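Encoded as structure tokens, the following chain is the form predicted on its own, with no partner shown.
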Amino acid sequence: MDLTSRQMEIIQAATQLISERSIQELTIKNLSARIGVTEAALYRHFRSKVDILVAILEQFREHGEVVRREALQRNAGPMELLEFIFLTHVRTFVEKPYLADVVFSEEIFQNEDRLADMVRSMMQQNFDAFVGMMRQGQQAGSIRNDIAAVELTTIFVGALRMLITRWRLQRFTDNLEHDGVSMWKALQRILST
């Protein structure tokens, strides 16, 4: 996604606003006040709040693709790849907690088909990649094969989602990285042969 430096500045301000207050507080009025420009000036860079959220989600999607590529370049087994991806996502949310407010805020997607479609597409892309890794692990004998890869992936993704959602609802007070490592160890026991 090619963004101008001004668009990047707007996205940065939007993410700070979400992080400090809430996603509901992300309005063009609040954002223009934060940046110190008029609302009209902001509209020259993004047509709407939805366009700003789309840009944030696009950055998250691109980051997910980079993580998957890095995982595959590690030349490791499926279980190690899943661990790398799981813990990298946990660390990403630790570094950028506002992403939890954007990615896991179903209420903002209810009336915005473009956002809902984008999140749904990202989720499906990730899910399909994880199913492939689970199947590889089952074929290699490192991941149990008495449960279908799709169901194991649902457990894997559901555990990550629950971990992040709980942390988000507690306003980021828990030690997510510690909890993520503990959750991964439990998942490893569940997934392993």
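From a predicted model like this one, the values you see are computed outputs, not experimental measurements. We number the residues from 1 along the sequence you see. Rigid core (definition): largest C-alpha set, two forms, superposition within 1.5 Å.
The form predicted in complex with the DNA exists for this protein as well; it is not shown, and the discussion that follows is about that form.
- Contact check for residue 159: no non-hydrogen atom falls within 4.5 Å of the DNA in the predicted complex.
- At a distance threshold of 4.5 angstroms between non-hydrogen atoms, residue 40 is in contact with the DNA in the predicted complex.
- Not displayed here, the DNA is kept clear of residue 131 by more than 4.5 Å at the level of heavy atoms in the predicted complex.
- Under a 4.5 angstroms non-hydrogen atom cutoff, the DNA in the predicted complex has residue 44 among its neighbouring residues.
- Proximity to the DNA in the predicted complex, taken as heavy atoms within 4.5 Å, picks out 23-31 from the listed stretches 160-168, 23-31, 143-151, 123-131.
- The partner is absent here; in the predicted complex, the one residue of 68, 49, 135, 61 having a heavy atom within 4.5 Å of the DNA is 49.
- Relative to the superposed core, residue 114 undergoes a Cα shift of 2 Å or more between this form and the one not shown.
- In this overlay on the rigid core, residue 179 has a C-alpha that sits less than 2 Å away from its partner position between this form and the one not shown.
- Superposition on the rigid core between this form and the one not shown places the CA atom of residue 149 less than 2 Å from its counterpart.
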